[in-house]
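Quick heads-up: it's one chain on its own, the form predicted alone, in structure tokens.
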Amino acid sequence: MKINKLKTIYVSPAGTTKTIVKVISNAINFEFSEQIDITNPKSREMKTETASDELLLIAVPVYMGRVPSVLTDYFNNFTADNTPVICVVVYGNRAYDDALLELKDIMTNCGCKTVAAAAFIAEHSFSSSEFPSSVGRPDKNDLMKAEYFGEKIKSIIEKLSTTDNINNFRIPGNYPYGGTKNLWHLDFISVNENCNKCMNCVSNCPVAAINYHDVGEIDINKCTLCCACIKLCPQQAKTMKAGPMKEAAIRCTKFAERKEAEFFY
């Protein structure tokens, strides 16, 4: 089959997932490519369609061992026509649990056929200078593996005569899925005097949870705990308050043994 276009769709509040998919996309190196960043809530309002002569790469972060629930409506408006898809999840060196299996199942229900899947590691969302967890990842070795993965995908696609020839392969996971879609609703972010109201946090929040007129006011019912507003603040004006989130950040430092990317074909 002839596929010349790669369509990449990703969610990347802190930019790490974007870094990984860019390397994979460059290694696949198709003549035509399109990147769709659905991190911003407005971008998820559009209906997405993919065809059988496109290759789709979809990548999402892992939240509580699951695909983020904020994507549910987006996937409900997603349609495909036997589109070959690469499923990628990115997690913070603890475990990706059933998220990769869940993503594959979601894409199958949308009309895709999974040709490959992978789980990559990035710096944990809760990581900070005070409580470091998988700092600096994806690092050079991670990106080398992402490049290898992309080259492997290209080789598979070039040998594929039809989507009917895509083999069904096993992805680790359980039914029913473990983890949880129910995130904590916590007032956990403190804003200090360094804040100069640059609005960087507002523009980077994937769920529009931060009040434009008062950046210290956060809708805890919308917040996904991604901590992008903390990580991406140029003034380091946001920190975690004492409480369950800080305790979780401390627990994450215990997962220090280096995990490596896992590939499935």
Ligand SMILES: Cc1cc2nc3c(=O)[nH]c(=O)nc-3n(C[C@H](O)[C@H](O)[C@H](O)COP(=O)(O)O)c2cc1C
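Everything quoted here is computed from the prediction, not taken from an experiment. Residue numbers run from 1 along the displayed sequence.
A second form of this protein, the form predicted in complex with the ligand, is not displayed here; the remarks below concern that form.
inquiry  = Can you confirm whether Ala51, Phe78 and Asn109, the three residues that make up this candidate site, all sit within 4.5 Å of the ligand in the predicted bound form, judged by heavy atoms?
reply    = No residue of the spot touches the ligand in the predicted bound form.
key: Heavy atom of Glu123 within 4.5 Å of the ligand in the predicted bound form   = Taking the distances in the predicted bound form, the answer for Glu123 is yes, it comes within 4.5 Å of the ligand.
ask   = Can Leu225 be called a contact residue for the ligand in the predicted bound form at 4.5 Å between heavy atoms?
value = Yes, contact at 4.5 Å.
inquiry  = in the predicted bound form, does Val90 come within 4.5 Å of the ligand, counting heavy atoms only?
reply    = Judged by the heavy-atom cut-off of 4.5 Å, Val90 is in contact with the ligand in the predicted bound form.
query = Looking in the predicted bound form, any heavy atom of Thr17 within 4.5 Å of the ligand?
reply = So Thr17 counts as contacting the ligand.
query = Among 60-68, 42-50, 25-33, 193-201, which stretch has residues whose heavy atoms lie within 4.5 Å of the ligand in the predicted bound form?
reply = Looking at the other structure, the answer is 60-68.
request  = Quick one: from Arg94, Lys152, His185, Lys181, grab the residue that has a heavy atom within 4.5 Å of the ligand in the predicted bound form.
outcome  = Of the listed residues, the single hit is Arg94.
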